[in-house]
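What follows is a single chain, given as structure tokens, in the form predicted on its own.
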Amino acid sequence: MFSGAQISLYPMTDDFVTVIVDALSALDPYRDRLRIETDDISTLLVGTPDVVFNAMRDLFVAAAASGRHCVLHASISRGCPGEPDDPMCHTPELTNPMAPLDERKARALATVASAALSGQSVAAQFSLYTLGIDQHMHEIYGCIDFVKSSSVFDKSKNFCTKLRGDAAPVFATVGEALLRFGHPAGHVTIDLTVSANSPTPL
């Protein structure tokens, strides 16, 4: 299994370099569990989904603590058939047989409910793509049911679902969407945009 995210962070300020550089220290606790590669467009984080999402969350919360309007965009993937297996990405949830949908929704909700709050409010929108399976809409509708039952569901939009609330349960919700929906050995992707401190929050 291969899992990770290509992320880009956009602080809306002339001093964007300082905001980004100061926020990078939030990745330090995860560096021994992630492969990190940066170029002039994005940064690749490779690791298990829980570590990838925790690192993204902490990076974004650190940037948003500047008080500036910050946006993070991420292209997230697991199980891409074009990528080699990586031991760093091994997680039991993606090696076990596929559990019943209701069981997976319940586990996802329990994980989101247990997320310790970060103190940073965010808005987010994401789209889930379960690839290479005949019943992909069954999985997507199951994920939508889970998200609507979570504490951070805001509204459905064209092509995506909007979340609002503390950064911890928001990132946990998207992480559970990647982990729990679609075949455990299948290819699943998410397109994610997160915003904080927006001057137009609605």
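The model shown is predicted, which means the values in this text are computed figures rather than measured ones. For every residue, the number given is its place in the sequence shown, counted from 1.
There is another form of this protein, the form predicted in complex with another copy of the chain, and it is not shown here; the text below is about that form.
Trainee: Would Phe53, Arg57 and His90 all count as contacting another copy of the chain in the model of the complex, using a 4.5 Å heavy atom cut-off?
Mentor: Per the other structure, none of Phe53, Arg57 and His90 touch another copy of the chain.
Trainee: Indicate whether Ala99 is a 4.5 Å heavy atom neighbour of another copy of the chain in the model of the complex.
Mentor: No, Ala99 is distant from the partner.
Trainee: Quick check on Gly119: any heavy atom within 4.5 Å of another copy of the chain in the model of the complex?
Mentor: Result no; Gly119 lies far from another copy of the chain in the model of the complex.
Trainee: Counting only non-hydrogen atoms and a 4.5 angstroms cut-off, does Lys148 reach another copy of the chain in the model of the complex?
Mentor: No - in the model of the complex, heavy atoms of Lys148 and another copy of the chain never come within 4.5 Å of each other.
Trainee: How about Ser66: is it within 4.5 Å of another copy of the chain in the model of the complex, going by heavy atoms?
Mentor: No, Ser66 stays farther than 4.5 Å from another copy of the chain in the model of the complex.
Trainee: Exactly one stretch in 173-181, 158-166, 58-66, 26-34 has heavy atoms within 4.5 Å of another copy of the chain in the model of the complex; which is it?
Mentor: Heavy-atom contact with the partner occurs in 158-166.
Trainee: Any residue of 108-138 with a heavy atom within 4.5 Å of another copy of the chain in the model of the complex counts; write them all down in order.
Mentor: Residues within 4.5 Å: Ala123, Ala124, Gln125, Tyr129, Thr130, Leu131, Gly132, Ile133, Asp134, His136, Met137.
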